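The chain below stands alone and is given as structure tokens, in the form predicted on its own.
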């Protein structure tokens, strides 16, 4: 891993629940030696990617990131565009919807929407990192990824989040064939018990899968009728989001009737 990659990898340890990280903690999280971590953090600090708190001298995300984010939104405003689409499918299905995007080798939630139809719902957080092997979003992205990327992701130690999480890479690859054929992936209690999720892929102008749009609901509410409604809503949302950024679906997509 190059110097830039190492420095950027440190940013992945920040989250909504871990907004500040000290040097010692970052060393433990990254597994990189202290001198190197300090050097990398100093570089990020110099460019405003991170900043230090006055009290504890802990590190947190810096002012340069919102600026870069706004420039990205101005060029390809998929996050802003997705808000309306996500709310529409949440209102239609009565469940939680979310958009996740691929950044290097990580998949993150960038936008989500809730429905007010039910008292209980699956909750989300912006910036949450999604695992590839245990979520419908991750699985559908893997379905349309290169063999090199697929092998790399599945060769890593796969965490068993619940008793139903599939960690056998061969079995996962077999499922991906069906997901690829249908442009739809499914996960039942793979990441969180009693959560049933479905996801469709989103593509860029080079037909590269860059993320997924998904619905997550309590298992008890995902009956045959709900799955049919959800599948239709997700497919239409995937088309709208892909088109909105000038994306193009693979050739075999045209052979499927996504209006069913």
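Here the structure is a predicted model, which is why all the values come from computation and not from measurement. Positions refer to the first chain, counted from 1. The term rigid core refers to the maximal set of C-alpha atoms that superpose within 1.5 Å between the two forms.
Quick note: we don't show the form predicted in complex with the DNA, though the next part is all about it.
**Student:** Wondering, does residue 232 line up within 4.5 Å of the DNA in the predicted bound form on heavy atoms?
**Tutor:** No, residue 232 stays farther than 4.5 Å from the DNA in the predicted bound form.
**Student:** Spell out, yes or no, whether the shortest heavy atom distance between residue 250 and the DNA in the predicted bound form is within 4.5 Å.
**Tutor:** Residue-level check for residue 250: no, no contact with the DNA.
**Student:** Taking any heavy atom pair closer than or equal to 4.5 Å as contact, tell me whether residue 15 reaches the DNA in the predicted bound form.
**Tutor:** The answer is no: residue 15 has no heavy atom within 4.5 Å of the DNA.
**Student:** In the predicted bound form, is there a heavy atom of the DNA that lies within 4.5 Å of any heavy atom of residue 46, even though the partner is absent here?
**Tutor:** Residue-level check for residue 46: no, no contact with the DNA.
**Student:** Just give me the single entry in 60, 207, 39, 228 that has a non-hydrogen atom within 4.5 angstroms of the DNA in the predicted bound form.
**Tutor:** The residue from 60, 207, 39, 228 that makes the contact is 39.
**Student:** Report the stretch among 196 to 204, 60 to 68, 219 to 227, 22 to 30 that approaches the DNA in the predicted bound form to within 4.5 Å, counting heavy atoms only.
**Tutor:** Comparing against the DNA in the predicted bound form, the contact stretch is 22 to 30.
**Student:** I have 2, 52 and 56 flagged as a candidate spot, so tell me whether each of them has a non-hydrogen atom within 4.5 Å of the DNA in the predicted bound form.
**Tutor:** The answer is yes: all three residues contact the partner (heavy atom, 4.5 Å cut-off).
**Student:** Against the rigid core, is the Cα displacement of residue 59 between the shown form and the other one at least 2 Å?
**Tutor:** Shift at residue 59: 2 Å or more after core fit.
**Student:** Rigid core fitted, is the C-alpha displacement of residue 229 between the shown form and the other one 2 Å or more?
**Tutor:** Result for residue 229: no, shift under 2 Å.
**Student:** On a rigid core superposition, would residue 239 pass a 2 Å threshold for CA movement between the shown form and the other one?
**Tutor:** No, shifts by less than 2 Å.
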